[in-house]
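Here's a solo chain for you in structure tokens, the form predicted alone.
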Amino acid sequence: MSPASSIIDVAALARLGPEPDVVISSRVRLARNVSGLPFVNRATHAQRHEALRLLRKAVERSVAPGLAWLELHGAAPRDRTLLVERHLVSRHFAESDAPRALAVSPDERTSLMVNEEDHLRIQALQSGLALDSCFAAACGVDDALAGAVDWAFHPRWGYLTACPTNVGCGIRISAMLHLPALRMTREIERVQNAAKDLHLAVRGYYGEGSVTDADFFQVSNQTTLGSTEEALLAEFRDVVLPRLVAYEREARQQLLTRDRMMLEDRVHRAQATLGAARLLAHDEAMRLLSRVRLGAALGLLPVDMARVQRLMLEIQPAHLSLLRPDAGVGDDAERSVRADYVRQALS
């Protein structure tokens, strides 16, 4: 197996997990700040370096060994983009020129961002519906660091964070969902409006600030004040997520029953285009793979959904340039290589 393939294999988004027809991945993230240091957006260059020093020392002493430490202000642009595409860091974090670092486990299920919006963001990410194990992993890191770092904490307000919506227990629980049928039946706007009423955030494929495209939606809780981590997890896992998954599955059955010809036309047309295109932009490829993924999930196409899942990661610009060094960036060379790569993968 090539080094490039090995890198792909450990990515959560390249694998199928529980409930894979709708749930792409699960994530639990905890926000923490070091007591006595200003928030990152108020800190000086020297104070950000001090946060790096303190947290690296705490992580290396307290958290399970094997975490790789990468200081992003010294990383190559493609390496930073790779981390964004793997959902290990935010785009803002990758593009910043401030002192910052990422600690990540070999299987990429656990990662820690230092000096993003908060001094520390603990993240647990897994494929499919795996909120309980993500929660346990994130809390395990938090517990390990509790004796090594004095966190900014208020007896009444809880953990203090740079963004008011994270104040309290500082937890963000989210799932990446594939909702093509809700978009086809024009029900997605109603779902998004209902999400606002339930204090949920609905974002695009790359999270905050990204466009909701290709039927992939990242849904998360929006407030943490006045509730416990366990209560927020239970509500999201047992109430919010099952409803969203059920809505999508009902919409798929509605399409199969009432408009099967249109549905089959869209998924087969997408497969045909991917099998014939000589130029494929990233956005177009994701839209088409979304429909092929739907066709595979419903048994309408003889396509392995796991292969489609992997392709969704492999055609991202930085990953494509890693797998195929002849790919350019943002030009016809990249589009040509992507089209060739997809044709071979789906043939």
Partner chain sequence: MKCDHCERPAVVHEHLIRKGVIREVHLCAEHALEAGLAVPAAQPVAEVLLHIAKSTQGDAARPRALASCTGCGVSFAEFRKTGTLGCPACYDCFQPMLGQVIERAQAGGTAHVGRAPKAAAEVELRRVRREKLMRELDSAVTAEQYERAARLRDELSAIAPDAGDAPGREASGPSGPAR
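Positions refer to the first chain, counted from 1. These numbers were taken from a predicted model, which means no experiment stands behind them.
Keep in mind that the form predicted together with the partner chain is not shown, yet the notes after this line are about it.
In summary, the region of this chain contacting the partner chain in the predicted bound form, judged by heavy atoms within 4.5 Å and restricted to 277 to 285, 37 to 45, 318 to 326, 290 to 298, corresponds to 37 to 45. Site residues I188, R237 and P242 are none of them in contact with the partner chain in the predicted bound form, judged by any heavy atom within 4.5 Å. Using a 4.5 angstroms threshold between heavy atoms, M184 stays clear of the partner chain in the predicted bound form. Using a 4.5 angstroms threshold between heavy atoms, E85 stays clear of the partner chain in the predicted bound form.
Shown alone here, D79 lies farther than 4.5 Å from the partner chain in the predicted bound form, counting heavy atoms only. The closest non-hydrogen atom of D215 lies beyond 4.5 Å of the partner chain in the predicted bound form. Exactly one listed residue, out of A194, A98, A75, C139, brings a non-hydrogen atom to within 4.5 Å of the partner chain in the predicted bound form: C139. Proximity to the partner chain in the predicted bound form, defined as a heavy atom within 4.5 Å, singles out one entry of S133, Q254, S227, S105, which is S227. In the predicted bound form, the partner chain lies within 4.5 angstroms of at least one heavy atom of each of the following residues of 167 to 198: V167, G168, C169, in sequence order.
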